[in-house]
Every structure is written in structure tokens, then in C-alpha cells.
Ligand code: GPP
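To begin, one chain is listed below as C-alpha cells, in the form predicted on its own.
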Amino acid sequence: MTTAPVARTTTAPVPTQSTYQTRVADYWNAEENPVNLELGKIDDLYHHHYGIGEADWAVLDEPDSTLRRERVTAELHRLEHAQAELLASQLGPLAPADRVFDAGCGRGGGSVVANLRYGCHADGVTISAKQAEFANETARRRGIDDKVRYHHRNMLDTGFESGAYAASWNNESSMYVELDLLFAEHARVLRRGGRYVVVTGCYNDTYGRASREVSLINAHYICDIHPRSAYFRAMARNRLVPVHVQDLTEAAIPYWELRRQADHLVTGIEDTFLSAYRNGSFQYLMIAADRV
């Protein structure tokens, strides 16, 4: 066991990682993908998830190649930010004194969005030391590091105080862990009546087993996408009662259509996402649940 600083405490244990978790950490410690970094540079909000909503297709008609790249990048960032705002809207009502937990926070955009919306305290957790350092520096530049802090920790075993959080979430990070372990930790740190929200890609049980496209996405991101039903079963076992479920699949398609035409940002997985969404094997889902 090693130790790392935690907000409002001296030190807390960083749980030993499994071999798989170490591989995931290595991946994100080395990651310098323009689709994450170039979008975040626009306003210092770095998201590690996808976007929703209708795109402004006029950005593709820009004749100047340099300006076209800038406009496409800005539009993708706008769609990603819309997704973050939708998730944050499900966390409230929150007061400035409340604490929220961003599980699998990446470079920290979601915690900033929650703080800007509610004025609340936020603790982000990432298994990547590089991401935690990056996110903390971003919070310092924004002058919100007294309320928004990021920790190099395992979101399955954070060491945070039980019942201390009014809300918590996973934004496209639940496919890296076992759901029962994840939801048990959220149920532990949330106060009674606290709100948990997850936005995730999941494979559609009615389609059958995971499709070829889902397998390709797993290989691309070294993750393990869960079936849709697994989320609801694991929530029921861990005192999380869904109060709102929203299928965002159709709303996500414009983002991927635009991204596949952004030559400076494509990663090669864009057509796979579009095929999976359209053949019905893959869904983009948001679930809000109350801790009972």
C-alpha cells in the first residue's frame, strides 16, 4: 500500500491495483490524443466522453482549411460539454456546502462543470497519476482548487468518508470495472437520499451477445462493456434505485458523424460506433438513481 494526499485529511491508502488496472493506468498515463486535448484547450475544460445533440453542420462548409479545423473542433467540444451539462443537471438540488464525487474523472472537466453549476465541493478520482496532476493544475488556474480537488486513487476503494457525498457519478468510466464493486463504493460514500448518475455505453441485451462492433470498441479502449441489464441488477443489489433512465443513442449519432469528418481528430473507431448504434447492438444510456 502507498499513500497519497486526500482533501480534508492528511493521508489515505491508495489500494493496490490489479494487473488489468495497471494496464489501464499505463494507457491513460501515456495518452495524448488530440481529440481529448485539442478540444479542452478551447476553454480549459477537458472532457473524456462523447457528445450529444444536433450538430451545426455549417462548420464543414468553411472554405478556409485552418478555420474549418478550428470550427469543427469547437463544435465537437460544444457537443461534449452539452453531455456534461446534462449529467450535471441530474445531480441536484445541491448547495455550495455539498460534496460530490466524480469517479473516473479523467482530466477533470465534469467536476468543474458541477462546481460551476452548484458551487459545490468536488472530489475527482482517477487511476492515472498524470490525469490527476493535470486536473489539479487546471483547477488552480481557474482559482477553484479550494473546492475542486483530484486524487490518484482507485474509484472502487477511495478511502473517502462514508455518507459524506450528496451526489456522485461515472461518465463513461464504468466499463473499466466490475459494477457490483463500483456501486458498492458509491452507495458507501453517498448519504441516504444522495443521487448517483451514470452515462455509459452498454450493449443491448435484446440484440443477444456483444456484437462484433462492441468487441472492437472493447479492444480499442481496453475496456469491458457491460450489458444494459447488468447496470440495473447491480444497482438493485447496492441500494441504488433508478429514478430516471434516458436513452441517448440517437442524440449521440451527430457527434460521431461530425467526428468522422474531422481529419485532425479521427481515431479510427468512429465508423464502429456509428455501426453499433445503428444496428441496435450498442446503446448510449444515462441512469440517475437515489441511494436508499
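From 1 onward, residues are counted along the sequence shown. Remember, predicted model here, so these are calculated numbers, not experimental data.
Heads up, the form predicted in complex with geranyl diphosphate (GPP) isn't pictured, but that's what we're talking about next.
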property	result
Contact test in the predicted complex: residue 201 vs geranyl diphosphate (GPP), heavy atoms, 4.5 Å	yes
Residue 132, heavy atom within 4.5 angstroms of geranyl diphosphate (GPP) in the predicted complex	no
4.5 Å heavy atom contact, residue 221 and geranyl diphosphate (GPP) in the predicted complex	yes
Contact flag, residue 28 vs geranyl diphosphate (GPP) in the predicted complex, heavy atom cut 4.5 Å	yes
Site test, 47, 50 and 273 vs geranyl diphosphate (GPP) in the predicted complex, non-hydrogen atom cutoff 4.5 Å	yes
Which of 66 to 74, 232 to 240, 30 to 38, 53 to 61 lines the interface with geranyl diphosphate (GPP) in the predicted complex (heavy atom within 4.5 Å)	30 to 38
Contact residue in the predicted complex, chosen from 79, 156, 217, 139 - any heavy atom within 4.5 Å of geranyl diphosphate (GPP)	217
Contact residue in the predicted complex, chosen from 98, 172, 213, 185 - any heavy atom within 4.5 Å of geranyl diphosphate (GPP)	172
Sequence-ordered residues of 59 to 93 touching geranyl diphosphate (GPP) in the predicted complex, heavy atom within 4.5 Å	none
